[in-house]
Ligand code: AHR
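Next up: just one chain, as structure tokens, the form predicted alone.
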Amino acid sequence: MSTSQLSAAQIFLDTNRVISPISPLVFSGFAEHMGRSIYEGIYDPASPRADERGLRKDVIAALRELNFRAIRYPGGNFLSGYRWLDGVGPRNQRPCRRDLAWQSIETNQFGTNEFIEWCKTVQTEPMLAANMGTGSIQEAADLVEYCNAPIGTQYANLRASHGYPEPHAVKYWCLGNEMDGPWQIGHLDAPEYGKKAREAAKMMRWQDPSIKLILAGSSSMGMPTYPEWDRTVLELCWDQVDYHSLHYYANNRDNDTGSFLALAAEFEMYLDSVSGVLRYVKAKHRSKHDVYLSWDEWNVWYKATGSSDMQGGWIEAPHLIEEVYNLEDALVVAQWMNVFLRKSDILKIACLAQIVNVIAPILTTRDALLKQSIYYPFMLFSKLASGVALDVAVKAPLYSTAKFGDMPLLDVSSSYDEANQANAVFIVNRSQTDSLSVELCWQDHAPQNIKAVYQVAGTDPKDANSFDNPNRIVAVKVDAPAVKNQRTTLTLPPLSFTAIEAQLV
């Protein structure tokens, strides 16, 4: 059916049809020592907007609004050549090094302790990563001791000498980054990585049995080793890890907005495929242990991909992959998060890559901050989605795409927080031209009222915010419709994301 033939759509909601609890960690982020993410992003002593520690106060405020539950650090490709001891202790004694991953100069003025202090300020949880490239399993275990052990031994005492007598109690740890990629410093094949990760995991757990470990999965579906890599490393590490990672960067290189706006189909296929690998390995091991998925790098990224965007020219804080996000990018991000809710039974961690300047919802200059289009769908999901994800029934007209065939015009997810009787519904209208009348039907609980409706919308999919025009694509509060007989109707504009906050009886 073409959009000109459509009349209406329906969404059916039932709080008894629960998929799974929503893990708060799906609202997490990623900060890498790359470009201007750390320096001139998080940490910028030269900025008039920095506090006495050199931390950007405006960045902290914007990130608090997004409410990231955890932030992964320090990489990324940077991780595989990083010596963590470079980034602790007196700043004037830290070495300045060449970062081979991004051909940049790393001053090490911001390191592990500064990151953990910053996380406390931002009110998020640190997720640290161990170097599985040039790093050894001993160095990984030493880092856990440094962060989490009580004083009395070498690295715990070293932490105390640096001003932190109490353990940092870092819970989440990544076992390397994208080790399947030939671009990775210290790249390993699957058996080599699996054995190294297993032995590192054992030592790290012996330092602190309470930690949760994340295995490095395939860096994309396009890798020639996918999904065999995932099977091999999981078979070697199953009993030692808690999560298995996947990475994906969406693109619209073909300038095919219709297919781009249907990418949720590919996101779901990716999750389903890796979930199948998890089920296979669990069955093969006759195991009662569960491993869940951590989508710890995800975002739209394809415009800033030239050599100048990827190579730093051996300077400090070069401008690298500072993607400018538009309306269609924001709608893809909204659908990605719809998928997170719909797949909440298997996906327990997701880290938006990244958080400041580098492929990020926030861009900075020395004295200003810009919220990009993708900032707003993340903010709304992070604010409204809690409790459990609901299995929503949707009746919507179809539209034709070159990549996925016929797809529904609506992409929908919903959450239900029983303790607060709060129900949120998230809807993307993929039509580029037409509004769509949508009837919401609650099948068990009667809504007391619609508390609020927020929309991110526009007429041109390429519209983007800029420092000169920062409010072109933002979340706008619109009139909330009345509810009658457990139903309400909204008209959704084309190219829109709508978040509905309902109070149930």
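The structure displayed is predicted, hence computed values, not measured ones. Residue numbers run from 1 along the displayed sequence.
Same protein, other form: the form predicted in complex with the named molecule, not shown, and the subject of what follows.
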property: In the predicted complex, N77 touching the named molecule (heavy atom, 4.5 Å); result: yes
property: Any non-hydrogen atom of F30 within 4.5 angstroms of the named molecule in the predicted complex; result: yes
property: Close approach of D99 to the named molecule in the predicted complex, 4.5 Å, heavy atom; result: no
property: R159: touches the named molecule in the predicted complex, heavy atom cutoff 4.5 angstroms; result: no
property: Segment assignment from 103 to 111, 383 to 391, 246 to 254, 134 to 142: heavy atom within 4.5 Å of the named molecule in the predicted complex; result: 246 to 254
property: All of I42, E125 and C351 with a heavy atom within 4.5 Å of the named molecule in the predicted complex; result: no
property: L213, I321, A396, I71 - the one with a heavy atom within 4.5 Å of the named molecule in the predicted complex; result: I321
property: Option touching the named molecule, based on a heavy atom within 4.5 Å in the predicted complex, out of S414, Q335, S373, N177; result: N177
property: Residues from 279 to 305 in contact with the named molecule (non-hydrogen atom within 4.5 Å) in the predicted complex; result: E297, W301
